[in-house]
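In structure tokens, one chain follows: the form predicted on its own.
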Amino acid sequence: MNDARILAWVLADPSRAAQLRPHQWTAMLTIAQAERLLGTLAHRLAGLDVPETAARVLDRARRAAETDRRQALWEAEMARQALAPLGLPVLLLKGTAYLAAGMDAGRGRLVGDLDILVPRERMDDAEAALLAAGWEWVKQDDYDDAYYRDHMHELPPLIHKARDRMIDVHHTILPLTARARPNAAALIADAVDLGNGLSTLCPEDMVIHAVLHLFADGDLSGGLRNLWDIDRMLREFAERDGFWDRLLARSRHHKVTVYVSRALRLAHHIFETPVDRYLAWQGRRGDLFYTGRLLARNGWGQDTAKLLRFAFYLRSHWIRMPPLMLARHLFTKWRKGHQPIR
């Protein structure tokens, strides 16, 4: 295994770590750090006999993940307090949602920004409330600001001036220019109340959001961690009666079945995830390229398959906006990057 497969192999079954040689431990830990999965790996290996040096690395990772967990949940509480006067519950997305709901996908997971979802018609109210509570704009550029407001699925990013934590306020889960158009009203209507002023997407929508974040909204950077999130959710939710039928129905409702199907196949291939075979068999073209991109790391944690990565970078732009709009956007960004210093 000369790529990130060694990490996936041990994450899927932690008992396999006993078979690793010293250089394989080094490779696995380095790759886990590069993929932001070191805290997750540390939790998976907790209680197992591991080499002394690795034990120290994993212990630090567990403590860092716990600190990150507390910070993420505190940031969610700060957002709740800021939006509570508006009568807006804070609908959490991605990592913070997993932590707040006590899900297995949250164990050891590092969280970057706080992502929340609010109805589009309340975006102005949410924006004003957050600015009044101490958040401020990260981007001050007029073009970027207009681009976010006119074409994206979120406000321009905000950062809290005292806590130095960012928040992304979404009104849907994909850019408005993207080819896939999930039903934002349904996402909000079927949210699950956590009973503390916070809520999450329903289980099926949580899976779908993770799938779309991986395959329909970027170049697969951080993709192995996103696929691990999907593995954890599928294993957890599959224990509930009727989950696979609901996931199929919800995928069809949002018109994203092809993405969900690919995620199931890749999770099964990389993490040995038990999946519904019918749902996973909805078109198989290109899986080999996705697998190669997701596992493109060497034993030093460095990027490999540079040409494949670049191809997925181009794809990420192609699927996010129509060709003419893409050309104008890239030209504008290029021109702004080459303006003379005055």
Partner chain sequence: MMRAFSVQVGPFGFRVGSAWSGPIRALDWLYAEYPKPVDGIPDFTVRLEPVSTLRRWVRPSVAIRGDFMLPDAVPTSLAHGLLAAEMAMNLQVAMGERRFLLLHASSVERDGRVLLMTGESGSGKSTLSALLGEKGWRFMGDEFALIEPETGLAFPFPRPVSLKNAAVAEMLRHVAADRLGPEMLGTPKGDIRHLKPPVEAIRRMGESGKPALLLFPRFGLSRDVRPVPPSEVFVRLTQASTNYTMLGERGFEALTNLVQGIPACAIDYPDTETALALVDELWSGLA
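Owing to the predicted nature of the structure, the values given are computational and were not obtained by experimental measurement. Positions refer to the first chain, counted from 1.
Not pictured, yet referred to below: the form predicted in complex with its partner chain.
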Heavy atom within 4.5 Å of its partner chain in the model of the complex - residue from 295, 57, 280, 45:
57
Where does its partner chain sit in the model of the complex: which of 270-278, 307-315, 286-294, 64-72, heavy atoms within 4.5 Å?
64-72
Taking heavy atoms only, is residue 52 within 4.5 angstroms of its partner chain in the model of the complex?
yes
Applying a 4.5 Å heavy atom distance criterion, does residue 9 contact its partner chain in the model of the complex?
no
For a quick check, can you give me the residues of 4-42 that have a heavy atom within 4.5 Å of its partner chain in the model of the complex?
22, 25, 26, 29, 30, 33
